[in-house]
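Before any questions on how it binds or moves, here is one chain, the form predicted alone, in structure tokens.
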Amino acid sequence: MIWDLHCHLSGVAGQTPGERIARLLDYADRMGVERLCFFMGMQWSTDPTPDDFRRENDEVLEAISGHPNRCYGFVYLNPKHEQESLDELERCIANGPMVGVKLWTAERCSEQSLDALVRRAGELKALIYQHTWLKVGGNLAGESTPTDIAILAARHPEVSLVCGHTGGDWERGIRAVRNSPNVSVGIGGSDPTAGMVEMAVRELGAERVIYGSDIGGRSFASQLGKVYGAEIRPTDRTQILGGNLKRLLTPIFRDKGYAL
């Protein structure tokens, strides 16, 4: 069972969301990827206006509409626009089919401006994916690090969060969230480097490590290679490839009547 936490409509051929997701599902079929979660639209806005993120969410809604019980959406929000983001949570999750939240680079997630969004997402049982990175040349002004998500997690210990990309610099990222039990690491979207998955399992436990590809920026094959090539127990591999994501999404899937 392979469930992919981290998919995009960008970086793949197609004029419409439907055309792009059809191509991605063809690739997924070849690689045995059973279910996929999609973030953001066909073109991204790093600091989106409400019109921007509503448009991108509409594109995801259009893409997943023809693939129930296989493709799922995470609503893209900007904490700088609190009320509009709360309204979008209601539209896409409370009153729509989406199952999670995607936060990117508009605002560092340690800021208190995220609190209302995180609280409401927690009430809806939505999983929150926060992009994080540790860049040698310096992060973007609003780009979060794993330390930022650890700060956010301490304020909301009842909400499940994912540290996207494991911070890029994964050794530092794993250590930064080690004492944050409500934070899992998403291992997608970086080069398949030996030792990454092994360290994450050793330091966090396999139950806090989640496979994702970051397709179309990366490939299913390169990102699956991280897990298949890791020197870990078969039971750990099963958890990482799908068991952990299924467990985290089970509460909201049950509320929405989705198949498990």
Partner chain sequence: MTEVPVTDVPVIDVNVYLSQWPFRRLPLDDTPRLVAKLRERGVTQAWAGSFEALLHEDLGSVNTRLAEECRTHGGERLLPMGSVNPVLPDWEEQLRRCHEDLGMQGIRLHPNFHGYGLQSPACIELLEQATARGMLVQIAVQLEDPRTQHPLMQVPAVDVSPLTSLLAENPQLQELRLILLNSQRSVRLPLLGELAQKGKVFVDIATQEGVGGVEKLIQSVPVERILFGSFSPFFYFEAAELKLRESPLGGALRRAIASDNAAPLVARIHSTPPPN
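Every value quoted in this text rests on a predicted model; they were computed, and no experiment measured them. Numbering follows the first chain given and starts at 1.
What comes next is about the form predicted together with its partner chain, which does not appear here.
Using a 4.5 angstroms threshold between heavy atoms, S222 counts as touching its partner chain in the model of the complex.
Its partner chain in the model of the complex is not approached by R208, whose heavy atoms all lie more than 4.5 angstroms from it.
Within 4.5 Å of any heavy atom of its partner chain in the model of the complex lies no heavy atom of D51. When contacts are judged by a 4.5 Å heavy atom cut-off, R35 does not count as touching its partner chain in the model of the complex. None of 162 to 170, 120 to 128, 69 to 77, 102 to 110 except one has non-hydrogen atoms within 4.5 angstroms of its partner chain in the model of the complex; the exception is 162 to 170. This chain is displayed alone, yet in the model of the complex one of K135, R178, R155, R91 has a heavy atom within 4.5 Å of its partner chain; that residue is K135. Contact check for H6, D58 and Y258: none of the three has a heavy atom within 4.5 Å of its partner chain in the model of the complex. Looking at 219 to 243, the residues that come within 4.5 Å of its partner chain in the model of the complex, counting any heavy atom, are S219, F220, A221, S222, Q223, L224, G225, K226, Y228, G229, A230, E231, R237, T238, L241.
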